[in-house]
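Two forms of a single protein chain come next, each set out by itself as structure tokens; they are called structure 1 and structure 2.
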Structure 1
């Protein structure tokens, strides 16, 4: 079966995914019996295109590099908005990778709902819909007999959600704690070298680790959205963003760093979710982590998450938390998961 794919959004992640699908086409067909055709893309800045027979990804990537737009693709239908693309492109899988609004989840939440209501599988790396409406969207997908996959919403391509839901199935996850934002981890790691917060933030922005307006990272909002996804989707919680105390790293000084060092500890922005009786609680805040804690040794932009389980004890997953190919890979993993699930259904 060849899956028809529609992209909603074609920024860094979308282009990374397109590159992966182009370069690994033969391997995916040979090893997994998986084939796909990108038939439509809608991007608020770059335009929209639809071509029933499928787009040439090499030509598409060349066009966007040269012009910054996609609506000059020869022979394609243009001018569709995102909802028309979702409903009328004939796609089997909608990849929702538009911009994130953690306050409302829009427009991504409407995109996901429209796709699920239309009977299409949805894959997203967009934190907004999953953090705000995750359990609702999973329920809707089940009602419609389709899949809603969201591995890339937490630690990019590093397998955290699928690992917890599939590989740790049968255990009770009592607590999850870790480093879920690479930008803040980089800043704190550099401050340990004696560099000031403002100086380090500027370098992080120059390297592309931090945005020009870095509030989502340094104030903890990015980690907040991720731990809410974990608390609700992995641990069965029912948390709202507003329920979770959140403190960022903007108040950490070099003096604080020095004091922690004298105590043989390191500052880390820790996102944590835990069981409190029948409820699940969560928080995000800077913590002085003892040097013998595994998380203390995780430096730079790397992310890490420790699962405290009843059968295995602590299990820690470490890997990159961002990146065009890394996040594109998370979407590919979800595509293959949908393919395996659909193949199993067809064989049954």
Structure 2
């Protein structure tokens, strides 16, 4: 089955996804009978293109590497805005990977709504829409008979959301506790080696871990958005971002790191959501974690999350929390889930 795809945003994640789709084309066709044709891309910085017969991804990636833009693609229609791209490109799946604005969710939330309203499946790694309007968007997708998938919003492609929703179905998740931001974990790990905060933040940005505005990482907002997505979408909570206490790592000094080390502890930015009667609560804050706590051993850009469940006790997922191919993969896995679901429907 061949799906037409439109990308809204073509930054690090979009380019990583394009590379995966290009390199895995044969494997995806052979193993899953999955084929796709990227027919449109709209990016606020790089321009926008539409080509009915589909873009050559190799040519596209060379173009963006060489010129920093996409609108020089030969033969493509240019100049469409994001909403026109969503509504008029004929895409079956809209991949929303524009920048995250955690205060308003915009413009991503409008993109997701427009795509669902017009009967298109949506996949996103953008935390804004899911953290602010997740349950509403799931409901809208159901009404329209399409899928809204967002695995990449939490811990990039490491399976957390789909895992909890699908593979832990039937258990009650009593608490979730973990390290949900790669940049801050990387910074804290490097500070343990005596490196300064500013220096390590710069490297995290160069490595593509940090958000466009690194305040989102270091002030804890990125981890906050992720724990709210888990609390609301997996644990059935109804949290608003503003309700959740959040402290980042900007106050942690090399001296604090050294003192913790002397106490056989490590500073970690811990995100937690837990049941409190019939409510779900959450918080994000740096904690001094004892060396024998599993999370103390999770260093660098790696993330880890422990689900405390009634039937299995603790189940922990550990893996990369950020990165170009890692987040690109999260979109691919959601595409394959949609394909699996649709194929089953078609066979029925």
Ligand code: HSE
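In this text, rigid core is short for the largest set of C-alphas that superpose within 1.5 Å between two forms. Source: prediction; values computed, not measured. Residue numbers count along the first chain shown, from 1.
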Form predicted together with the named molecule, is that 1 or 2? 2
Align on the rigid core first; then say whether the Cα of residue 263 has moved by at least 2 Å between structure 1 and structure 2. yes
Quick check on residue 205: with the core superposed, does its CA move 2 angstroms or more between structure 1 and structure 2? yes
Establish whether a shift of 2 Å or more occurs at the C-alpha of residue 253 between structure 1 and structure 2, with the two forms superposed on the rigid core. yes
